[in-house]
Structures are given as C-alpha cells and as structure tokens.
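Just the one chain here, the form predicted alone, laid out as structure tokens.
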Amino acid sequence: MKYNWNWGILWQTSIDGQNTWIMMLIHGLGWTLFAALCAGVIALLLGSVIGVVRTTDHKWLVRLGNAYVELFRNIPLLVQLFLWFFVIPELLPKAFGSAIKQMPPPWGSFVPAVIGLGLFTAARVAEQVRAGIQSLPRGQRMAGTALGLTQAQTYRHVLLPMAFRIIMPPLTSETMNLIKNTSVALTIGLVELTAAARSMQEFTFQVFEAFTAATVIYIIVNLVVVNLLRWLEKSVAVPGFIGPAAVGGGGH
C-alpha cells in the first residue's frame, strides 16, 4: 500500500491554535538546544574538575572521582531523569521539595532534565579529561615542577591546555550525544523537539511527516555543530603535536 505524503500539514495550525506545526517543531528545537547548552556547561565544568582530581596523587580524591564516574555512567539516563524528577524532590526538605514541584511549566521539567543530563554527561567528560591528561608525556608535568609551578598551576598552564586540544574529537562526539539525549527529557514532560514531533503525530496522525521533519532538523543541527567544533579543533591544534595517534590515545 502506497503512503500519500502530506507535507502541507506542517504549515497548518497546530493544537495551540496560534502557531503552525513547523513552528511548534522549531519551538521544540529551541528547548532542545537550550537544555543541551545548560547541561553542557555543567558537564564541562564538573567533568573537568573530576577528570583532573582522578589524575592527582590524592588517593581519596581519585576514589571519589572514580566512584562518581562509575555511578553515573552505569545508571541509564532515563532512570536518572526519573530520579531527579520524581524522587529527589520527595527527599528534600518539605518547603524546598514543594517549591521544586510547583515550578510552572516548562521549568518544572526543564530543571530536572538539565541536572540529569549535566551530571550524566559530566561522568563521560571526566573520563575524556582523565585520558587526555594521562596521554601527555610525563616530561610536561615534570617541566612544570622544575619551573617552580604548584600542582594547580601546572594543571592550569601546562597540562589542561594540551589535554583539551587532544580530547576535542571525543568531546565533539559527546556534544552530539548530549543534543540527541535531550530527547529522553520528553518522558518527564519537557516539550523539546522529539516531544513536539510526537505531539504532532498524535493530533494529526501524520506519523511519517512529523518524525521525518524532526529527523531532518536533528541532522541539520548536528551537521552545523560538528562543523563548528571541527573548525575549533583545527584552530587550537598545536602543529606537530596532535596527530591521529595522539587523538586516538585521548579517546580511550
């Protein structure tokens, strides 16, 4: 049986009576990118700190960092979002928990989604940062010590600038994964791109049009982001230092 495509549905008025379905998808894309950006900031900052402490000589810090990575990498993202949305507010002091549960939409879903995505992705970033630092020649750390730099100064001025250049390719992949992982937030009520497509499908019964349009939007966004990050990777690369072998070493 041949399916009759109806692309005109995208320009028909959506269920809210104010926008077209294509504008609803674009609005969902806005929440997708906003959630990914906020979660990405959390992931990069927290993941960098955890990745660094896992390469220090402080055993208890290394153990805490390892425990964080193993915990958040081995619990499915969907379960983590459910915990932040349904369970954590119940465990907090009553006034604080009630304030969280009474946040108006979409913030009541957005905040738990960003926290869950950020902490989940931070564990993956921490592993990349650790691998990047440990892939550097030991002489770089020793050179920092020989110059009289403290451990913090050695990380800031010597190790991290090089490590981040090495791990740019895997961080690009993590960015792509983060954008795609925002779709899981529909399970806790965030109307991002996938949720908008699902809403369109449910009200118009145009399944193929809804999800084909969402797929095309995802592809365009990911192509733009990956090309921007590749440009950044080339811009910060150190000639003669970062090659295929070095990049491969930073991705394990």
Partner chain sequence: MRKLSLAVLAAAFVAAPAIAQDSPTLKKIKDSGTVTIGHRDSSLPFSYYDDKQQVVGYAIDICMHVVDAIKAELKMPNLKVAFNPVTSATRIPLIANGTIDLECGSTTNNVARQQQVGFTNTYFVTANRYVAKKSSNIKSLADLKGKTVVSTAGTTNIKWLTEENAKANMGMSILTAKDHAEAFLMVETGRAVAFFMDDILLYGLVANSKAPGDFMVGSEAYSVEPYGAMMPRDDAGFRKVVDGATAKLYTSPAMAALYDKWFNKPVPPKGIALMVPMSPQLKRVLANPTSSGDPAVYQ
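Just so it is clear, the model here is predicted, and its values are computed rather than measured. Positions refer to the first chain, counted from 1.
Note that the form predicted in complex with its partner chain isn't included here; everything after this is about it.
Report task. Verify the flagged residues P105, T187 and E202 against its partner chain in the model of the complex: is each one within 4.5 Å by a non-hydrogen atom? Result -> Yes: P105, T187 and E202 each sit within 4.5 Å of its partner chain in the model of the complex.
Report task. Among 81-89, 151-159, 164-172, 136-144, mark the stretch whose residues have heavy atoms within 4.5 Å of its partner chain in the model of the complex. Result -> Result of the contact check: 81-89.
Requested in this report: Answer for V49 alone: is it within 4.5 Å of its partner chain in the model of the complex, judged on heavy atom distances?
Outcome: Outside the cut-off, so no.
Query raised in the report: Even though its partner chain is not shown here, does L33 get within 4.5 Å of it in the model of the complex, heavy atoms only?
Result: No.
**Report entry** Touches its partner chain in the model of the complex: H27 (any heavy atom, 4.5 Å)
**Finding:** Although its partner chain is absent here, H27 would stay clear of it in the model of the complex, with no heavy atoms inside 4.5 Å.
Query raised in the report: Does the 4.5 Å heavy atom contact test between V207 and its partner chain in the model of the complex come out positive?
Result: Taking the distances in the model of the complex, the answer for V207 is yes, it comes within 4.5 Å of its partner chain.
Query raised in the report: So which of L232, V238, I15, M23 gets a non-hydrogen atom within 4.5 Å of its partner chain in the model of the complex?
Result: Contact with its partner chain in the model of the complex is made by I15 alone.
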